[in-house]
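Heads up, the chain below is alone and in the form predicted alone; it's given as structure tokens.
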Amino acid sequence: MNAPIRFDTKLLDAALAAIRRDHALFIDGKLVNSADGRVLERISPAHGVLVTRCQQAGIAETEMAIAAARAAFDSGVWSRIKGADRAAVLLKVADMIEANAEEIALLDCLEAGKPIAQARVEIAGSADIWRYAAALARDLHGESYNTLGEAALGVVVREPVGVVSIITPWNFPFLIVAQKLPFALAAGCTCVVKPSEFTSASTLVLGEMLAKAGLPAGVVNIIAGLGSEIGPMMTSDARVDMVSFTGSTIVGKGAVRASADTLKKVSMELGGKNPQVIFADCDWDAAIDAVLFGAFFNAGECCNAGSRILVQKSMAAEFVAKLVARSRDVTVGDPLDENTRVGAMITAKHQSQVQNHITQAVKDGAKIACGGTAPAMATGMFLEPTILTELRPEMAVALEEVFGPVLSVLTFETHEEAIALANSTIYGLSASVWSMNVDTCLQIARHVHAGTVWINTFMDGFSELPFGGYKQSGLGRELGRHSVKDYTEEKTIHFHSEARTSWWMPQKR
């Protein structure tokens, strides 16, 4: 075995010096400590050292947060002001995100184990989303109907839905809250935000920025705590009008069930088993690069990961050979090193679960073309980029979300077979198709059941384009020009003029 890869202690010392401070909860415009003194201590999954300490919310703090959000909404301090005034606050937050980008990136890098170069891109993207949401705050509008006759005029207005519980995962701590919170605020809602207990610090820092930007007290409340403890209250409390959740499909189903008794509005961005459909006439170099990126970006801990490729049988052997050769250039290592492309897995438990998927796949007959084991590292929880071949479509690893750096390879011959394979899972989040033939690309794109289909690229994203899934990949859409509308209710206002006539009561003589 090769000697373990050792980390640069100077990078770690500098990073810790830049971020080292405790993080309080943000409730009703104030920084709050937990009543019972509990804290969440996060050990870096890459470095094995304590990197953050956050106050831990329980039921008492969740009650405070929901009550504050409810009171703020009902007061109208945010919900009834001008869209331009809401936009001005969101723009200030975007500026602060950029001004504090390095601290936020370091927090996400150390808590989640993600490469620092990637984290910086995510923070920049987050600032762009806040600016886009600010524009939508001024553009939110309803409709009018002047076609109902001389005596009637119909006006449809959009009003904020109310209090929104926002629950975000650990894989993109700051980016995913940016896909939800600014749009809810643009609509005039108030919010209770719960980041993952593994990656809470950057979201709590966001709370401090919101206060400095002039957001009224109680409009946003951020509580760090265990999902099993405070999640049920956030999704079932009658004072909450909507739940916006990103995470696994199984947990998302539980959130929907918890919300059902009060018939809350729900937005769910859930799991994926996303195919890249690769035809022999594609640009091979571009496709190989996109496959590696799609499968191993964020260590594969991504609902949008291109975790399976469907390769035309005539080119499969040669394509996979080139893919395996190129995969050796994917750098696994210290997330603080700017050259690293694959960082650490989020927890030892999760790493073990991903490893079990690989082990079971081999038992089922799959072959490991590369990877499959943990690399020799000085510290931390890592897994080599892994490519599995000789799969059958019914194998678990070809159908289930692995959520790790594991790529499943399947083959097809006809367009119809490719479409059937692409649609063979319970998921429908995203897909891509690779071909120089526009007719082929359109046929696949039109028939694959997915919320996003990329053509000759993969996992490109823009604030203007909606994101969400078909089937068990979720409900609703995030981003895009209609995203603010998801946080509103429509109200019809019917004006009547002239004398009212009745068709069902006898007329007096």
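Each residue number is its position in the shown sequence, starting from 1. As the structure is a computational prediction, the values presented were derived from the model and not from experiment.
The following text describes the form predicted in complex with a small molecule, which does not appear among the structures shown.
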### Task
With the small molecule left out of view, choose which of Phe297, Phe319, Trp170, Tyr132 has a non-hydrogen atom within 4.5 angstroms of it in the predicted complex.
Trp170
### Query
Among Thr190, Thr203, Thr386, Ser196, which has at least one heavy atom within 4.5 Å of the small molecule in the predicted complex?
Ser196
### Task
Verify the contact flag for Thr147: yes if a non-hydrogen atom of it lies within 4.5 Å of a non-hydrogen atom of the small molecule in the predicted complex, no if not.
no
### Task
Report yes if any heavy atom of Gly225 sits within 4.5 Å of a heavy atom of the small molecule in the predicted complex; otherwise report no.
yes
### Query
Does at least one non-hydrogen atom of Thr246 fall within 4.5 angstroms of the small molecule in the predicted complex?
yes
### Query
Taking 4.5 angstroms as the cut-off for heavy atoms, does Trp454 touch the small molecule in the predicted complex?
no
### Message
Looking at heavy atoms inside 4.5 Å, which stretch does the small molecule contact in the predicted complex, given the options 161-169, 332-340, 70-78, 405-413?
### Response
161-169
### Query
Are all three residues Ile176, Gly231 and Leu429 in contact with the small molecule in the predicted complex, where contact means a non-hydrogen atom within 4.5 Å?
yes
